[in-house]
Ligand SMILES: Nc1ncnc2c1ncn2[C@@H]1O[C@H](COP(=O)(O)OP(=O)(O)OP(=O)(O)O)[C@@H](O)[C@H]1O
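Just one chain follows, in the form predicted alone, and it is written as structure tokens.
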Amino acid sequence: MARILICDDQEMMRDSLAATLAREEHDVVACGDPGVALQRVSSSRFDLLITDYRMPRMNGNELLAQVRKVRPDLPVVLMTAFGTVENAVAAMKGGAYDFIPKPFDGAQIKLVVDRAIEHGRLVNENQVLRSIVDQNAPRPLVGSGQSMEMIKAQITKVAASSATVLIRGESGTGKELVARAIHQFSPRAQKPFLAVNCAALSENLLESELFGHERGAFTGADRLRRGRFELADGGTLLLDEISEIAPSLQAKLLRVLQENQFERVGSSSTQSVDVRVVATTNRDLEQCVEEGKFRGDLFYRLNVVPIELPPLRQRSGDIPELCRHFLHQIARRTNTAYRHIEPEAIRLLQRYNWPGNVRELQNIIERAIVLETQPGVIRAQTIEPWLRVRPLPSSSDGDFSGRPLADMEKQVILTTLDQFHGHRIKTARALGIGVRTLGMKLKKWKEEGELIEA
């Protein structure tokens, strides 16, 4: 189903064409005034415009020219009872998708409409892919300490192959950045790099996102959708937070990794793709396998080349370089003067434990730039209040000795949640667990009456 706008000053023709397309289950809007048509294109989303050529006040080519200014991606089909080669050529030069002479039968217009709609969807998909390519411009891996130098060497070696890579590390350590670097230094660099956050989508949505679906596969599937594996063909697909993928999808994912084949949801037709998979996790996947939450064969298929990213607290020597990088980055992005950071502020940052890792450091620097009142510098006194970590509440004897592990886990989670004012995503990142895992624990405690509000 598509949303189609028809513009024709002849009421009988307009209503007849609208009825023909409505029977094809399209959402059809019809009007007889080109000015009204232009207004509707400007204010509403349409997948196709079909307009008559000869109309009062504004002809089809003039309407086409105006539409191209506000919706250059919208396919336009012109129709006319005065069809000439010259008119057709002028229409196509003006950017029309097609030009159809009157009279025409239902089969003709259905064919033209189907082709025009598919063309528009392909154009939109290409625009999405181009924007993804722009977003994937090379980003530097900042840090010259021993651990980062080893990771850079690993990336160089791994990039040359098509082996599946599993990047492990706490939230905020830069796992996606490493995945992009692997793609950018690989022979696939000119092909798409796509990413899917496995924790952010429900099981059904994730299956459709990865593998696509056929029209009518489920309620709301009003058109064919290509999944990320198809769109990333020839390139790289990042599966972020792979530990959160539902068990029912793990078998289907394993098949793609082994055979490079899958079926869209609602289809029996097998698709073949050439995609390099890079997965990330902040969880102990071996433990997940032992607990039966993650397939062992899928783990071993993902863990062909493991890369372990150290937390920021283990590479505090890189903090000055990271600070300078973020300060230059923000100055360029905002077109503002570069700020220096005081040596005492650097020492303060190096003493902090960084539960949110590099991502938290970047947020601190951005906040400091906004709130620092001293021109040209970032002072220790500005950032120091943000680095005070509230201590965990202790048991009656002053420590956790003898406390059940489940109680300790609950206390740590609820304290961290309170520290981030109930923000679940920030809490999950700081704890190194998935958002869905956090939500399930809070739901369980609430159902058991151990938590009043979650």
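In this text the structure is predicted, and so the values were computed from the model without any measurement. One rule holds for the numbers: they count along the sequence shown, beginning at 1.
The same protein also has a form predicted in complex with this ligand, omitted here; what follows describes it.
- When this ligand is considered in the model of the complex, only one residue from Arg71, His119, Lys293, His325 comes within 4.5 Å through any heavy atom, namely His325.
- With the partner removed from view, the residue among Arg359, Arg115, Arg367, Lys191 that has a non-hydrogen atom within 4.5 Å of this ligand in the model of the complex turns out to be Arg359.
- Contact check at 4.5 Å (heavy atoms) against this ligand in the model of the complex: none of Cys31, Val36 and Asn61 pass.
- Contact annotation: this ligand lies within 4.5 Å of heavy atoms from the stretch 142-150 in the model of the complex, the single such stretch among 269-277, 285-293, 244-252, 142-150.
- The closest heavy atom approach of Glu263 to this ligand in the model of the complex falls outside 4.5 Å.
- This ligand is not drawn, but in the model of the complex it has no heavy atom within 4.5 Å of Ser208.
- In the model of the complex, none of the heavy atoms of Thr80 sits within 4.5 Å of a heavy atom of this ligand.
- This ligand is not drawn, but in the model of the complex it has no heavy atom within 4.5 Å of Thr236.
- Along 174-203, a non-hydrogen atom within 4.5 Å of this ligand in the model of the complex is carried by Gly174, Lys175, Glu176, Leu177, in order along the sequence.
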